[in-house]
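Given as structure tokens, the chain that follows is alone and in the form predicted on its own.
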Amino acid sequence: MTAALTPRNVVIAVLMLLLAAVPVYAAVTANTFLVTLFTRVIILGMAATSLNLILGYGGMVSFGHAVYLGIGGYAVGILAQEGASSGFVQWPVAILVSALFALLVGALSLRTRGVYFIMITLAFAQLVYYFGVGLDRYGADDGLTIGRRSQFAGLLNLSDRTQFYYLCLALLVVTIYLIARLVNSRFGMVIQGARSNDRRMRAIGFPTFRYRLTAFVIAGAICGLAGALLANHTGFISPATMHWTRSGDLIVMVVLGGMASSFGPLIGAVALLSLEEALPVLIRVSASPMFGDAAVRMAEYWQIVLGPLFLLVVLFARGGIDGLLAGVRRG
């Protein structure tokens, strides 16, 4: 088997081809739900990829990363409500505000380690969450409906599901490529070196704080862009997007797919969101012959099945699904 035809590379190639073919399949089968589902998968995969830059490569366990999804989404929603519907305005503002907030959070939290870092990122995220709850002008905890998607002077029509899907897919591929180039550069080597032994990296002359802070800002900016995409996708944004449980979902995607892996977060996003949709159906169908109508109620507790699946991945695939695929060839 050549180096290019490893099981991991084959699975990634098939996954990307399947993602590219989703709108075609949906058009043939008239199943528009698939486009809606996988648009969300791609957007959250992009957010998880940004988290992987600091979590997987930098060892920074941010428990407030979903806050940038909310900031990006609210940038689109608030500007739209105030009459600025141009995507050439909304999207740069979403990226800039997310980057500035990441700069603030990173400047404070990166001076700490371990549980203190986790708690500071969580505290900032919850602060913004409760700030969003108090925004009465923009829906407070009921959320803000976005009546019109971002406009690009006729160059793109985001109301077209297919166009929007392929735009999200293209931005995901660009994000994965840029982060892969970044982590394999001198900058990326310093980030990974600081994760292993920050004191030694500083001793040989690298200002690791600045490197780690830059990575933190880049991750926040990319996640802010994902938030702008998510707001356009759902036509709605609420403080719930920034809740700490959403950050937990992003961490699960990274760990499940494989940390410090270019495609691991995307694999994790596909696996997690697909299981969330498929498990209730599978439980209901498999339990119906034996339990009848009670199978419908049983399907509501699909998380009971999902939990042990995660446990098996953690115990037997230390590098996540991506690591498991990479280990097939070595085995």
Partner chain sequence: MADPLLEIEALTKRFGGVIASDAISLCVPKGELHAIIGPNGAGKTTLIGQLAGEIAPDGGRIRFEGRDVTALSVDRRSQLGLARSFQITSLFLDFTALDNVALAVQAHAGHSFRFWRNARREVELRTPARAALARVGLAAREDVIVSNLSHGEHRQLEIAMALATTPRMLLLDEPMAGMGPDESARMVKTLRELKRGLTILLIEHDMEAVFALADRITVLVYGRIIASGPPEAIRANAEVRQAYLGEQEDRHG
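Here the structure is a predicted model, which means the values were calculated and not measured. Numbering follows the first chain given and starts at 1.
Form predicted together with the partner chain: not shown, discussed below.
The closest non-hydrogen atom of residue 152 lies beyond 4.5 Å of the partner chain in the predicted complex. Interface membership of residue 130, defined by any non-hydrogen atom within 4.5 Å of the partner chain in the predicted complex, is ruled out. Using a 4.5 angstroms threshold between heavy atoms, residue 193 counts as touching the partner chain in the predicted complex.
Taking the partner from the other structure, the partner chain in the predicted complex has a heavy atom within 4.5 Å of a heavy atom of residue 187. Of the candidates 218, 78, 103, 118, 218 is the one whose heavy atoms come within 4.5 Å of the partner chain in the predicted complex; the others do not. For the options 123, 156, 178, 140, the residue carrying a heavy atom within 4.5 angstroms of the partner chain in the predicted complex is 178. Looking at the partner chain in the predicted complex, residues 203, 206 and 211 each place a heavy atom within 4.5 Å of it. In plain terms, the part of the chain that comes close to the partner chain in the predicted complex, with a heavy atom within 4.5 Å, is 195-203 out of 249-257, 222-230, 195-203, 143-151.
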